[in-house]
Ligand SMILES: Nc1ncnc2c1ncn2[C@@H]1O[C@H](COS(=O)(=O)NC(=O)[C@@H](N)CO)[C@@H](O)[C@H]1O
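Quick setup: one chain, the form predicted on its own, written in C-alpha cells, and binding and motion questions come after.
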C-alpha cells in the first residue's frame, strides 16, 4: 500500500508503476475519492467546532436564547451524522482502491508485461551430461518404490503425493538440514500454522485479487496459506518495534496449500506442482532504509544459493520483470533449478523486497533513534520447498542403474552415498 500523501505528490511515478506492472486500477477515481473524503472530514471538523462553541456558550446565554441554540446544535449534529454516513462509504471505497495499487518497482527491473520479459542474471553449477538416457523423477520414484503417487489420488484427488521409505526420510532430513543452516546464519526458527484469517492475506497482498488460489474454510472464516510469509507478516501487526529489535530474522516452517487455480493443466505429472507441500521461508523485518533492505535482499538470495550449491544442483538467477514480480514487490529475483527431464530450468525459489508496501497494510512499525514512528521494510525468500526441490535433486544425481547418489552434504544425514 502507498500513502495517500505519496500518491498526491508523485502522480507521475504512480502512473508509471501502474503501467509497468500492468495493473487495472483507476487512479483518477482514487484521487477524486481522496479529495471528497478530505473535504468531508474538514467539514465535519468545522461543524464539530461550531457545535462545541455553542455548547460552551449555552450556560452563559440568555434563557430566551437557549432554545434556539439547542435547536442549532441539534441541526449541526444531524448534519454531521449525515456527512459521516456518506464518509464511511467513501472511505471504504477509497481503501478498496488503495489495496489494488501497486508498489513502486526497482528502477533496475526489466519493464515488461510477464515472465517473458525476465532476464537471466547468471548461471551457476555444471549441467550434468549423462552417458545414458536419464529418467524423470517419476520414473526414478516408481523404480525405487519411493512413493504411492497413484494410490493417493483415490484418497485426496489429483496433484497430491505420498512419499515412502528412503525418500520420505530424505524430505524430512532436507528440511531439518536447511533449518539448521539458517539457524547458523542468525535466523530464528518458527513453526507457523497454515490457517490464517482473511486480514492476514490482505496484509501480505495476497487478497484482494488472488482469493481463487487459496483454500477457504467458510465455517471458521479462515483460509489455508500457501506460504509461511502470511503468518509471519501479521505476527507483529499493530506493534511499534524498537530500533534495537531490528532486524527480525525468521525462518518459518509450515505446511502450505495452493489450489493452483491458474495453472491450466501444467505440470500434472509428478511433484513439480502439488496442492499441499512444505516450505521453509526466510523472512526479514528491517528498518525502512533502502540500502539496508537491499543488503538483506542480497543475504536472502545468498542463503538460498548456499543451500543449492551444497545440494549440488545447477541453477540460474533471474531478474523478474515489472509485470511478473507481483503487485507490491519492489524487486524480485527468482532462482530456477535445472531439471534434466525437461531440459530447462524451473523455479524453486523467489526472493522479494517489498519496502513498506506490506508494512502499511499490516500496520508494522518501528521507532527510530529520534523517536519517530515509521513503517518497516519486509523481505522474504524461499529456503527450501518440498517436494518441488526433490525433482532437480533426484534427476541431477541419478545413475545409469536408476539409483540416486546423494550430494556430500546429505550423506551423513542419510547414512550413506546413495538414497
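Positions refer to the first chain, counted from 1. Values in this document were obtained by computation on a predicted structure and should not be read as measured data.
The same protein also has a form predicted together with the ligand, omitted here; what follows describes it.
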Residue contact check: residue 324 to the ligand in the model of the complex, 4.5 Å heavy atom: no
Taking heavy atoms only, is residue 347 within 4.5 angstroms of the ligand in the model of the complex? yes
Does the ligand come within 4.5 Å of any heavy atom of residue 166 in the model of the complex? no
Even though the ligand is not shown here, does residue 361 get within 4.5 Å of it in the model of the complex, heavy atoms only? no
As a check of understanding, the residue in 272, 214, 231, 141 with any heavy atom within 4.5 Å of the ligand in the model of the complex should be identified as 272
Of the options 293, 227, 118, 303, which one has a non-hydrogen atom that comes within 4.5 Å of the ligand in the model of the complex? 227
So if I measure heavy atom distances to the ligand in the model of the complex, which of the stretches 272 to 280, 180 to 188, 133 to 141, 74 to 82 falls within 4.5 Å? 272 to 280
With the ligand taken in the model of the complex, which residues across 373 to 399 come within 4.5 angstroms through any non-hydrogen atom? 380, 381, 382, 385, 388
